[in-house]
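To begin, one chain is listed below as structure tokens, in the form predicted on its own.
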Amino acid sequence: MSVDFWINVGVLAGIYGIFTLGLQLNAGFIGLLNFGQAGFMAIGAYAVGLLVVDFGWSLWLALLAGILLAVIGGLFVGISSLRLRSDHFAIATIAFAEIVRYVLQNAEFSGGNQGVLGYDEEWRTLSDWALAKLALIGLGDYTQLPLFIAVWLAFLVLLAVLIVLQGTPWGRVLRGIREDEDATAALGKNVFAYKLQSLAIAAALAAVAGFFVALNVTFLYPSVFDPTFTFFGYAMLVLGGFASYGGVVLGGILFWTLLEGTRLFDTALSAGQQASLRFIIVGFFLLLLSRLRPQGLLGNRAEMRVRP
């Protein structure tokens, strides 16, 4: 299989890695079952596309606006839903994500199913410049390589920031909330505020991932942001391990290598049957791992707690 194929797999792994960092912060470190991450991603991606196409904004300024709007969305969901039980909160977040998707599918301002096109000219100019530089070292033929580099640089920078944050008193309070919310509140910590901050940061990370999704697909349409995105993120957490940022990296690489690598199987099945077989193989692997090592490859069993 060509190098381009595996570069594309790496792009997907990096985008989902950024996306899953927010899920790790929520589910792994504070115990929030956030199933609305795809909705925050859609807000960030569409904000970028619409601000560039309809209002002539710079792509990079639109990215900042998209992050801000996603954070506002996270605050809205958190303020209205965070006092619910974890299972009810999970339902509320997935409902929010679906509301966002259906609004984008039916609203006139978003183009509905016609989608948004033509927002990536600045990126293509930058990508062409990067390819010219990469050609000097013999890598100019791989058109997705600039996006691969950009995605993984962003992923590693955000990963480093979160690791540093987790070692601060703020990060330790998150763990305290996950372990015993009442005891943490008794120590004078505003549990609701910490949960809200965690959700807002996760929304911002989803918006960054949405920005890279927009650059990768070059055409925004609502079905890109279906709930499958969020569930793939949780599959990566199961693989890599909860409360382990290193697990996000490992889980992303393994999940996408397994899911996309099974495309290479030479069978007599139809395209639809082959796709089903791929998911069966991935599902079987996840079930086996859950049985043999439920904490994930880099996780700690003691960290596997979610507040009821």
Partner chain sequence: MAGSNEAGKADALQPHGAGTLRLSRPVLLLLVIVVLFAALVALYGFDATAQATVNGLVAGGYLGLGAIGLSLILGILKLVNFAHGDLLVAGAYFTILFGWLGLPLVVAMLFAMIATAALAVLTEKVVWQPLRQAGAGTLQLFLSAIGLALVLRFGIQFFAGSQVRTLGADIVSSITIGPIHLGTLQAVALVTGLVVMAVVGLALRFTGIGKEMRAFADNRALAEVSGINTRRIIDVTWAASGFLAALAGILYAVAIGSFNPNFGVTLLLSLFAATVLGGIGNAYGALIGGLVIGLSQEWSTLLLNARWKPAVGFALLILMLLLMPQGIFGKARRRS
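Just so it is clear, the structure is predicted and the values come from calculations on it, not from any experiment. Numbering follows the first chain given and starts at 1.
This next part talks about the form predicted in complex with the partner chain, which is not shown.
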Handout entry: Any non-hydrogen atom of residue 124 within 4.5 angstroms of the partner chain in the predicted complex
Key = no
Exercise for the section: Using a 4.5 Å heavy atom cut-off, state whether residue 133 contacts the partner chain in the predicted complex. Expected result: no
Exercise for the section: Would you please decide whether residue 90 lies within 4.5 angstroms of the partner chain in the predicted complex, comparing each non-hydrogen atom pair? Expected result: yes
Exercise for the section: Answer yes if any heavy atom of residue 234 is within 4.5 Å of a heavy atom of the partner chain in the predicted complex; otherwise answer no. Expected result: yes
Handout entry: Listed residue that, although the partner chain is not shown, lies within 4.5 Å of it in the predicted complex (heavy atoms), from 103, 72, 117, 217
Key = 103
Practice task
Tell me the stretch among 141 to 149, 107 to 115, 124 to 132, 204 to 212 that has any heavy atom within 4.5 angstroms of the partner chain in the predicted complex.
Solution key: 107 to 115
Exercise for the section: At a 4.5 angstroms cut-off on non-hydrogen atoms, which residues of 214 to 245 are near the partner chain in the predicted complex? List them in order. Expected result: 228, 231, 234, 238, 242
